[in-house]
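Take a look at this single chain in structure tokens; it is the form predicted alone.
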């Protein structure tokens, strides 16, 4: 197995390895896990593996989770099918950390391409450790200790009828996470506000707010500024999909963006999301 870095900041392509084999080989899996912690997202081509092998490999990281809106494959719980062949609407073309609206967001995911357009449909990943490291020291000081609310109601729920949206919000109420979280395995600091973040929950303090102008526009502008850090190209890697290509990413320290530039061509993916811990 070889790992070829794709940028100076994030991403590596693995060659000479099959994830079906890695699902059955502990030493090989541990090598891949170490590379994931180093590069944050790994890419593999020509992974002609079964759904059972896909699930078995992902489960080596931890138990898998379902999605309350998208749903899973009927024979493989935790294997979410993302089918963009039958409708134009899309939710992935924004920078986000998967399921940050959960109390315990996913640790990571293993995504395999089933069918994709000849051109278009790339995915971008972002190193949010680098995004935090490169913040001005003044901003680092300002956001130390800040916490933000994250919501599914404002994203997936937005197109629902009011009753359905209220039910979704009742099942998954807003959660609060630190704006700067700590990676549980590396100890590195991560800027942790993506598109699911709606507002700060502890911004209105005498240190931050003199007048109402500071409270609402001031907090919103700071949140927008932090969210915009994911758009910096120096923190990114972009991957062009082919059938049987796979991406494995650490959801704790990255964001990603699925480029929606291929309609009406189909794009069919299968993702195994791995349960994680509460950010701290």
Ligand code: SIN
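Numbering follows the first chain given and starts at 1. Worth saying up front: this structure is predicted, and the values here are computed from it rather than measured.
The protein also exists as the form predicted in complex with the ligand; that form is not presented, and the subsequent description refers to it.
Considering the ligand in the predicted complex, the lone stretch of 250-258, 25-33, 52-60, 218-226 in range is 250-258 [heavy atom distance within 4.5 Å]. Annotated contacts: 101, 154 and 198 are all free of the ligand in the predicted complex [non-hydrogen atom within 4.5 angstroms]. Under a 4.5 angstroms non-hydrogen atom cutoff, the ligand in the predicted complex lacks residue 175 among its neighbouring residues. At least one heavy atom of residue 82 is located within 4.5 Å of the ligand in the predicted complex.
Contact annotation: residue 96 falls within 4.5 Å of the ligand in the predicted complex, judged by heavy atom distances. Using a 4.5 angstroms limit between non-hydrogen atoms, residue 72 is distant from the ligand in the predicted complex.
Proximity to the ligand in the predicted complex, defined as a heavy atom within 4.5 Å, holds among 116, 111, 107, 143 only for 111.
Taking the ligand as positioned in the predicted complex, the residues of 239-275 that bring a heavy atom within 4.5 Å of it are, in sequence order, 241, 249, 256, 258, 267, 269, 271.
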